[in-house]
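Presented as structure tokens, the chain that follows is alone, the form predicted alone.
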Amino acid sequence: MNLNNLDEDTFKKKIKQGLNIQIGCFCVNIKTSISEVISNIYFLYSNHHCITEDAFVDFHVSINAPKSIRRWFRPQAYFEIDGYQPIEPLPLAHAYPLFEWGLNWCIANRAHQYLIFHAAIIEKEGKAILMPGVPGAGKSTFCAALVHDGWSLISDELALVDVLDGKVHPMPKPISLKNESIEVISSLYSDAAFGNIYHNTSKGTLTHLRASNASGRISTIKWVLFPRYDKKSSTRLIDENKGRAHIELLNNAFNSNVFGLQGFDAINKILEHSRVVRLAYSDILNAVKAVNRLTERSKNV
């Protein structure tokens, strides 16, 4: 049963007690009494499944305000996993971003059955594009544009790769957009479904985009794409040296130390079976067309 099959009052009652939600390959028990967090989860995760109470849970998380005097004096929100607070509390007004960041922390630090990359990843017909998270490259913005053009979202933050077969597992959370990216996507796509906008966070102005076209399947990485926005650039796709690409992927892996040589070999296998390109662009729609042409040609080779 999807979240949107529950009426909002029923959802509120359940999540205050702890509700199991399937987020990609993880079952997460979420507990909160903060009204804004509840409403954002109900909207942004509306297409996700509710799981029965007796299901195996990967992470028990909660986000709540304190019951002490801090309820009135500079109120804060606290994120917990199994009663432990892994990250610093934030102002109560930023409780929902704290929930998203906390969930990312749980996966990046505890899901060591996967080799985890800081990367956006999308797919069509089980064939995926991996876009590593180079700072300032605009991967989430470009990921959002591709999802609105028919690609399915696997994740915009964390790529979960099985080191044995190189397959990538789904984790389609809402897409995080910051600052100028919000206006770019809202101006291009009138049907873009945004959550609340948060100002003055540690990352500037922030919102989350509901991904109605989310993937639930295990996919094969066929393209590794390094996108970079440059307001002076034409749209250019250039094949990248796989040695340099290996170094960048290794630098973007959160837990390569867990796997050692096995992780190193897993990256080699990804690159061995992938087309590796750099994309420079200033016009995001032209860039989307260029990537679609690239992937269509690859299918026909």
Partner chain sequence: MRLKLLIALLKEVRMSNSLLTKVISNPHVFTHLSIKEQELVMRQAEGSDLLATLGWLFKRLDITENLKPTFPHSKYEAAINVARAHSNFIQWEIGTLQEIFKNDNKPLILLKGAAYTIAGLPNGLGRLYSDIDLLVHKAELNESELLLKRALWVDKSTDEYDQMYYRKWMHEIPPLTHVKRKSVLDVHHAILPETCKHRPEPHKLFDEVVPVANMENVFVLSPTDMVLHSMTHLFYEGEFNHGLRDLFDLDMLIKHFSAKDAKFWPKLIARGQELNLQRPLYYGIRYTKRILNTPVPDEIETLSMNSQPRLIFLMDRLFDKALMPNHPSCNNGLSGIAKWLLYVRSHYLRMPIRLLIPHLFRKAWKTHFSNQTAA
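Numbering follows the first chain given and starts at 1. Computed from a predicted structure; not experimentally measured.
One more form of this protein should be noted, the form predicted in complex with the partner chain, which is absent from this view; the next part is about it.
Just one listed stretch, out of 35-43, 58-66, 270-278, 229-237, contacts the partner chain in the model of the complex at the 4.5 Å heavy atom level, and that stretch is 58-66. Of the residues Asp149, Asp82, Asp165, Glu180, just one reaches the partner chain in the model of the complex with a heavy atom at 4.5 Å or closer; this is Asp82.
When you look in the model of the complex, the only residue of Lys203, His112, Arg217, Lys127 with a non-hydrogen atom within 4.5 Å of the partner chain is His112. When contacts are judged by a 4.5 Å heavy atom cut-off, Asn257 counts as touching the partner chain in the model of the complex. In the model of the complex, no heavy atom of Asp265 sits within 4.5 Å of the partner chain.
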